[in-house]
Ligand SMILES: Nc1nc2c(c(=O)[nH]1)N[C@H]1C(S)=C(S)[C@@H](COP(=O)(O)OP(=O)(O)OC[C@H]3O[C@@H](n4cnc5c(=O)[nH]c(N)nc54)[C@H](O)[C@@H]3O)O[C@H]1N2
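Okay, so here's just one chain, in structure tokens, the form predicted on its own.
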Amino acid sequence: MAQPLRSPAALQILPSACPMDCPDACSLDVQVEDGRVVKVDGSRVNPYTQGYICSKVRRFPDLLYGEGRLLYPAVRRGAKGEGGFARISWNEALDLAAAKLRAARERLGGESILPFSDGGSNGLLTQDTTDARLFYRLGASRLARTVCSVPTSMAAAGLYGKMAGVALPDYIHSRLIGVWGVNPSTTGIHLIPVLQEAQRRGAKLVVIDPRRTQLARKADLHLAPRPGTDLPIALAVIRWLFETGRADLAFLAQHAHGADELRARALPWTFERAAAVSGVPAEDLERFARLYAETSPAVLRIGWGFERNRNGGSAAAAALALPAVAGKFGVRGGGYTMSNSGLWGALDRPAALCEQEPATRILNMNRLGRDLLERQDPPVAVLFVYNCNPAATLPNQEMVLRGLRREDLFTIVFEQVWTDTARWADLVLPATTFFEHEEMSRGYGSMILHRSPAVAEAAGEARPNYEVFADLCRRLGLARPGEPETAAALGDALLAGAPRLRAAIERDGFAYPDSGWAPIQFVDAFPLTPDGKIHLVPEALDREAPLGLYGFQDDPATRAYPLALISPATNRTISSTLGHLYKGIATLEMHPQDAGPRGLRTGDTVRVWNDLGEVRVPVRVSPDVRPGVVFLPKGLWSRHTLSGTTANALAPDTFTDLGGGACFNDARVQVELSP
């Protein structure tokens, strides 16, 4: 295993790994001088990431030591949201936090406490270890973390049991690559050279995205659907495969259940009907279907972008069904890749938690505003926010902010920087970054597990999550002797049931899953469903979806609000992380066909609004977004718009068809010149 942080020296290059919300799981070389990170580069420990990293992580020294870093505990002074705080000691801060938690529990019950975290950009030691232990023992409300990936995860689990996907480096063996619902140019950059090499070897590239992204410009075929219409596209291809005799009936008979039912549900979706709904020409849909049917190996890189609407779970399930129907498994470079996080099931969460999850109420994170403002029994009295920035990242943003304004709500924010949410806190606690504490992280695209030491001294008085939550357990009388509390003990507990992984981690600092670095689906990786079969119409998913699995819900656009607003990721932020480093004002991107009738030109300040709120920003007129769609970046902070609101102020807090996921891309808006 890599050596822990050594005594400060003039200059050291120390090993680390990136746990941020990205599928690639880069291994890192970190230049450290006198205990401070001065430069971050890629290393070659992870063979997939090949020694280079994204510009986002290169900017981490600016987060560590720049303006906005939270350096000490502080309590609010003045009105909520105004940013007035006074410094206090850690002892005072933890005493206050413990007192507020204890008082809420005694007065209203444990469910009046709401721990609010997401953790997509956290490792395995700083999410769901001592923090979950604390809140389970308090009897706190539980949080449904559904803002991202739950509908697609449910689809993958229902159909395949989260089977290992095609290794991303193996795409060089593919002759057809479909990139659907993901933009690796900004969220998984190491796939780009693999795609380029595959194209040099003769592979065809199909990109399905409502924007003409950098990758879409280089594709052999770009399908630009209206948001929320990926489901009809997938069903139309499935229908065509069955009706033209191109479905692999022998494979389906041997390895799948529900093929006849899937065929019946796809039958109404001709190319013409799917084209009318999606806005993609019928001839382009047929061209995609023919390419996919007639080319092998063929692989689909399925992402999370198309889950962010009312049809998201069914769309993911339909796309995942395609390689089974077309018989694309059993060859290297053939099949699909979504998330490979399910491959690390051997990690022993119960041994790290030392506590059973209680049967307390569950609140969906996408409705935080409602949960804070509408009558609950008991009401939320203490909100403990960590590992996320809900004021910037949740739908129905205006309602979230009104909830945070409640004077009878005590909000604790445990953070690395002064986020938009931290400014609404009553108590702030400074957290370390992954460079400042020991961490364990896993790839969900690349198949690797890292355990990395701290490489820098903590800035100011910042402390790791696991240390602070363990301290609160002790102060509240909830700790038990012998429980793992340190990073080393928690890491050992997680690996207790996986001796092979533990041996590899201790020897090398990293490990590969049991399926290996590059499994071939249906050769050495099979469905992890109870019977080992593909379930094309899983009963549990069929019961949950409002219209049944694969049932299409119509577009929510109205005459008043005809434009679909989307907010995809960019190369600047990871969700909202690093957003504070950018000072400029964001722009709304709009197609000329939509801008012209509204009298709008590039550079005009526009008002984007619906019944939930409004955003004021400059506009950029561009053909790179399809007609009927406008685009504001994901991860914006209040400072990035003229109104102090973001695209999330316009996003409904309605749910996806599966899993209660967020419907950001169901925002329907109007745009006009700002007065």
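Computed from a prediction, not measured in an experiment: that's the story for all the values here. Residue positions are given as counts along the sequence shown, with the first one as 1.
Separately, the form predicted in complex with this ligand exists; it is not shown, and the next lines address it.
A residue is said to contact a partner when one of its heavy atoms sits within 4.5 Å of a partner heavy atom; K56 meets this definition for this ligand in the predicted complex. Looking at Y444, you'd find a heavy atom of it within 4.5 angstroms of this ligand in the predicted complex.
For W180, a non-hydrogen atom is located within 4.5 Å of this ligand in the predicted complex, even though that partner is not displayed. For D653, no non-hydrogen atom is located within 4.5 Å of this ligand in the predicted complex, even though that partner is not displayed. The candidate site formed by G303, R308 and S567 is fully in contact with this ligand in the predicted complex, as each residue has a non-hydrogen atom within 4.5 angstroms of it. Across the options 598 to 606, 96 to 104, 381 to 389, 326 to 334, residues that bring heavy atoms within 4.5 Å of this ligand in the predicted complex belong to 381 to 389. None of T573, Q376, Q553, T529 but one reaches within 4.5 angstroms of this ligand in the predicted complex through a heavy atom, and that residue is T573. Contact annotation: of the candidates T186, T270, T360, S339, the single residue with a non-hydrogen atom within 4.5 angstroms of this ligand in the predicted complex is T186. Contact annotation for 643 to 661: residues with any non-hydrogen atom within 4.5 angstroms of this ligand in the predicted complex are A647, N648, listed in sequence order.
The pair G120 and D426 is at least 3 angstroms closer at the CA level in the predicted complex than in the present model.
Compared with the form shown here, the Cα atoms of G120 and L159 sit 3 Å or more farther apart in the predicted complex.
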